[in-house]
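Here you get one chain, nothing else, as structure tokens; it is the form predicted on its own.
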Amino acid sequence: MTEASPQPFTKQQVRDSFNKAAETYDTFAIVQREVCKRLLERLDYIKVAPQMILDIGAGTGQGTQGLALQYPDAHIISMDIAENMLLKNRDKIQTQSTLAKKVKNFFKEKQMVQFVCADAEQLPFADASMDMIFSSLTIQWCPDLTKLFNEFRRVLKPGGLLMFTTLGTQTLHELRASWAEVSDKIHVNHFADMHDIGDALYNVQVENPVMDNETIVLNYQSIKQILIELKAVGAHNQNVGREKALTGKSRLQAMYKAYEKFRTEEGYPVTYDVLYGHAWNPKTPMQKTQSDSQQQHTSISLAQLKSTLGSRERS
């Protein structure tokens, strides 16, 4: 069957989904934790000393805690669209702060962390107020990439750094293909192509944008567990064109059967196409120039990225 064209989800749908998932998120967010960890590790190769950091899509706080460790003198704003996620985040930070007073190995007593519930496409912050924007696995929930990146540019100071991850087109391709065999409705979220994200960065005239990707594959012993865990982290289908009625048992079983062709000795694979990006806000306004597609769309290995970042000097 041919799957219907995806229609953008609403922000209220995204907010509701992650609010419901707040209690179960940390238990099942295996990929999310690993990707956030890897994004934080990339900061080891960049010489910056930000004073104001905005963690967009902070969720339950892994990125915020990592940033606090890496930049103990920084003021960090932990922002998410789902208030229940932020409440979990705040509880963790407050617990860590209390422990820090005893063991003195986490937050500095003077370090400030604030919590803001807001939409990434409508940031409630002043122009040129942030030294760094950090965002892990969030921008896939923002359909208008140009609007999003323009907001990032607006709030970043001249020379400010943007670091982000998101998901690419091959994410959940096994589940998408299996559903497409038995239903013409949308059952799996669609994700942007890496070159589309690179184009959006280019169009808003950030400086030295770099994109690269890697594939993470998890293996499950049952397809049912895949569906349970996607819902538990708030990442289940949110498209307007999704099937709204409860999926019938026969159709669900047909999807399970279609998924069998992907099964290996390790189990049922679930692919995550993880995209990494970083860019700098220009110190001076840039004029848009023509360049070929190779210049607009940069894809490099992690080793090359580390080399590039390690040689970058910041004033």
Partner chain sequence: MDKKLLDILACPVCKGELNYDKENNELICDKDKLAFPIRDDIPVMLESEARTLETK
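Positions refer to the first chain, counted from 1. In this text the structure is predicted, and so the values were computed from the model without any measurement.
Keep in mind that the form predicted together with the partner chain is missing from the display, and what follows is about it.
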{"query": "Contact stretch among 192-200, 116-124, 131-139, 166-174 - heavy atom within 4.5 Å of the partner chain in the model of the complex", "finding": "116-124"}
{"query": "Full three-residue contact with the partner chain in the model of the complex, heavy atom 4.5 Å, for 70, 92 and 235", "finding": "no"}
{"query": "Among the candidates 182, 86, 186, 226, the residue which, in the model of the complex, approaches the partner chain to within 4.5 Å (heavy atoms)", "finding": "86"}
{"query": "The single option of 81, 206, 230, 145 touching the partner chain in the model of the complex, heavy atom within 4.5 Å", "finding": "81"}
{"query": "Residue 216 within 4.5 Å of the partner chain in the model of the complex, heavy atoms", "finding": "no"}
{"query": "Partner contact for residue 270 in the model of the complex: the partner chain, 4.5 angstroms, heavy atom", "finding": "no"}
{"query": "Heavy atom of residue 162 within 4.5 Å of the partner chain in the model of the complex", "finding": "no"}
{"query": "Heavy atom of residue 77 within 4.5 Å of the partner chain in the model of the complex", "finding": "yes"}
{"query": "Residues in 13-30 close to the partner chain in the model of the complex, defined by a heavy atom within 4.5 Å, in order", "finding": "15"}
